[in-house]
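A single chain comes next, written as structure tokens; it is the form predicted on its own.
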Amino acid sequence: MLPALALYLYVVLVPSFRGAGYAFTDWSGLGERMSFVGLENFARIFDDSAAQDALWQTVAITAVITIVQNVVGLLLALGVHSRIRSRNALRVLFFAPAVMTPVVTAYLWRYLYAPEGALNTALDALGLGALRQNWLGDPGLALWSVAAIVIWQFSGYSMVIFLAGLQSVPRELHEAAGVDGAGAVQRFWHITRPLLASAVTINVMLALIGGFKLFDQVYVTTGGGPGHATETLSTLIYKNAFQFGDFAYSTAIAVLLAVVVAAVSAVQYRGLRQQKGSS
């Protein structure tokens, strides 16, 4: 236990706190010259329109991903939990995207979303050419196109967690409710839904954390553009650190992002503990 704790302190905690200390300096990332500037970098965030846009876009795409991914994951879980013969093959098919790396997925979808790519070509072939879009080049559409990539990749992951919850629901409860005349919707709402509370909490927490940290899919597909339409806090941190040479400011944004993720995680964890205590 102690060696593992020492390794964790040395590899994770010490570098993290040391890195956070740069947020209170003017260090550019190169050289040894740095001065203590207090909270100046944090105050700058609230005057930086790019940072504010990135914050709101991060919140928006996180909210959409969390809601849609969990709804789709639950529907998939209900579908493959039924007694259809192909349920095992469908489980593998739906979960397969989750084992791909986000970078590979992003390159795949960049090809599909291209103006002359597979998606627009398929729309033309189906006689739906009027629906052709510049999926990653339209400022009003690009952010949601990226969200669709994340939802496509991780809905199967949510499905697996919901499926584990569904398999823990006693079949006798459904059979007894069926004898009393309860329909499928009533059985789901009054029996299955309360027993899926833990699975919902875990899925929501994972989706929220993943959304707030979203980087790979955005950087590969749009690089934060067009303009700043798909800029998230993670891509903004990267650009300030490695493109603009403003390492201290990027660290301040990273600290802000870490605080937001920790706060959301704490709320979700408290909710999960309360559910376990009441069950």
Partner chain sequence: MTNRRLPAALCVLATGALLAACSNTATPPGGGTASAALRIASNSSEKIALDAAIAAFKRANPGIDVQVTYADTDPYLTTLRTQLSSGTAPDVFFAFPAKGNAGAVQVLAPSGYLQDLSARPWAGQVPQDVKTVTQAGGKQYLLPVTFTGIGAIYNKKAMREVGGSEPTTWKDVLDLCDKARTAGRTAFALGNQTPWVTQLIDYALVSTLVYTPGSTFDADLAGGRTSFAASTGWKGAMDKYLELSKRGCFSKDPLGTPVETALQQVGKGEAVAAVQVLATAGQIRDAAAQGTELGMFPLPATDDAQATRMPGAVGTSYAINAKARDRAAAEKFIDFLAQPQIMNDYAAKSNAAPAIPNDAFAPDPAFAALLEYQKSGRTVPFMDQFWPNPKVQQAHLSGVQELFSGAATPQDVLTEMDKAYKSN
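Just so it is clear, the model here is predicted, and its values are computed rather than measured. Residue numbers count along the first chain shown, from 1.
Quick note: we don't show the form predicted in complex with its partner chain, though the next part is all about it.
Among the residues Ala114, Ala148, Leu90, Ile191, the one placing a heavy atom within 4.5 Å of its partner chain in the predicted bound form is Ala114.
Considering its partner chain in the predicted bound form, the lone stretch of 78-86, 179-187, 132-140, 164-172 in range is 132-140 [heavy atom distance within 4.5 Å]. Residue contact check for Ala60: none of its heavy atoms lie within 4.5 Å of its partner chain in the predicted bound form.
Its partner chain is not shown here, and in the predicted bound form it never comes within 4.5 Å of any heavy atom of Phe42. In the predicted bound form, none of the heavy atoms of Arg270 sits within 4.5 Å of a heavy atom of its partner chain.
By the criterion of a heavy atom within 4.5 Å, Val68 is excluded from the residues contacting its partner chain in the predicted bound form. Contacts between 11-50 and its partner chain, taken as any heavy atom within 4.5 Å in the predicted bound form, involve Val11, Pro15, Arg18, Gly19, Tyr22, Trp27, Ser28, Gly29, Leu30, Gly31, Glu32, Met34, Arg44.
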